[in-house]
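Only one chain comes next, encoded as structure tokens, the form predicted alone.
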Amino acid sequence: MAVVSAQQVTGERSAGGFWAWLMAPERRGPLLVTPALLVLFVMNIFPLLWSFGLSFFNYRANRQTVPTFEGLQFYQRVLTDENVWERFQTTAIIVGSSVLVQLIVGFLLALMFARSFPLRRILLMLVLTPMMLSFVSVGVFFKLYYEPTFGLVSWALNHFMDERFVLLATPAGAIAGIVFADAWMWSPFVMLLVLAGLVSVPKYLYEAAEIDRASWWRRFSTITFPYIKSLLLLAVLFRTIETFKLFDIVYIITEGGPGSATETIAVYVYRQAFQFFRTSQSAALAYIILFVVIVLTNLYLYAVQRREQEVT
């Protein structure tokens, strides 16, 4: 017969008690969430804290020198750099133009698809296709689309011009090309949000407005717009934040050119970090961008709270 020592029995009991304590019903929820929290910390939180710490040290990724503490020097350098403010100005122009075009096109598309007509589902699938593509594929497509030798834009306009038309040769043309590409890709997103609001409008309100012989503008301002106002604000928030971080399309189509006319702040951070290896300075600028995004989000939340107070 095998002799079991008291130490083994005690160990088995303690192990069984630990597993019983760990698998208790009140601890199953935190136990299931723990792996996701660990992955979130390793992939997101830790890199954020690490890069935030690097913004206070003099460090370059291509050198093996020991980082030295510099305090807020890089933040001061970034905020007083004229090139940074020029990139912010370029980014603001692209963001404002692109978001405005997306709102107009998305709203018109939503009005069109809010009604039933033949081939509605097929056309809706085709309209939603750009939103499902990757940024790289859209950038390559429009780079070829604007190509001066065989691009469709140059080919069409060369029939009416003496010289070869090159859209990306001028700063205004390059910005217009980027705005058109971004709006083509994300106008369906705005359309979906607005369409959700239009579908939720009760039909009896329109019927009552028809009985009262209300004009189209009266029906829109008093019935339609209040239902889609919050969704439009949400679309403005999402698209402003995403367009503010626009990098892929700009870098593929123009690489920030001609000159630095279309170099957005995201492209500028990329160049500082991975071309000039100014790691600490690029980290400081990245956190300034994060601060701007947080401010935009708070402005949206403030607008939503104001709207709720007006309703109540």
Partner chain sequence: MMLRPRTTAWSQALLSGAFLLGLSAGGAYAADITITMAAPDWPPTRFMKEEFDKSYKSPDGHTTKLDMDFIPWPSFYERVAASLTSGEQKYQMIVTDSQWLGSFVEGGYYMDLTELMKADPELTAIMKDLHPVLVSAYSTYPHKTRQQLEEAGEWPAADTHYYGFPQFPDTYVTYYRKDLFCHEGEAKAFQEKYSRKLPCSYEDWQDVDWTDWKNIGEFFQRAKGAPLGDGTADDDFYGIAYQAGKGYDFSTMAVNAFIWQYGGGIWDETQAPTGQAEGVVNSDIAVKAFDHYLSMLPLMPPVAKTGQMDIFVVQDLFMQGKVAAIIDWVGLGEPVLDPKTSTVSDKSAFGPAPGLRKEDGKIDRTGNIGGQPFVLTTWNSDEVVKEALNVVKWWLNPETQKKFVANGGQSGLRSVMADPEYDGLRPWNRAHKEMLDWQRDVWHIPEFFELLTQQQEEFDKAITGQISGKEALDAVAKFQQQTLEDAGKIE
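Numbering follows the first chain given and starts at 1. Bear in mind the structure is a predicted one, so any value in this text is a computation, not a measurement.
There is another form of the same protein, the form predicted together with the partner chain; it is not shown, and what comes next is about it.
(message) Between the partner chain and Trp85, Phe107 and Gly177, in the predicted bound form, does every residue show a non-hydrogen atom at 4.5 Å or closer?
(response) Not a single listed residue reaches the partner chain in the predicted bound form, so no.
(request) Could you spot which one of Ala169, Leu157, Met131, Ile93 gets a heavy atom to within 4.5 Å of the partner chain in the predicted bound form? (result) Here the answer is residue option Ala169.
(message) Using a 4.5 Å heavy atom cut-off, which of 94-102, 141-149, 232-240, 67-75 contacts the partner chain in the predicted bound form?
(response) It is 141-149 that comes within 4.5 Å of the partner.
(request) Answer yes if any heavy atom of Asp248 is within 4.5 Å of a heavy atom of the partner chain in the predicted bound form; otherwise answer no. (result) Result no; Asp248 lies far from the partner chain in the predicted bound form.
(request) Using the partner position in the predicted bound form, report whether Arg60 sits within 4.5 Å of the partner chain, counting heavy atoms only. (result) Arg60: contacts the partner chain in the predicted bound form.
(request) Would you please decide whether Tyr270 lies within 4.5 angstroms of the partner chain in the predicted bound form, comparing each non-hydrogen atom pair? (result) Yes, contact at 4.5 Å.
(message) in the predicted bound form, is there a heavy atom of the partner chain that lies within 4.5 Å of any heavy atom of Ser280, even though the partner is absent here?
(response) Heavy-atom contact with the partner chain at 4.5 Å: absent for Ser280.
(request) Any residue of 224-261 with a heavy atom within 4.5 Å of the partner chain in the predicted bound form counts; write them all down in order. (result) Sequence-ordered list: Tyr251, Ile253, Thr254, Glu255, Gly256, Gly257, Pro258, Gly259, Ser260.
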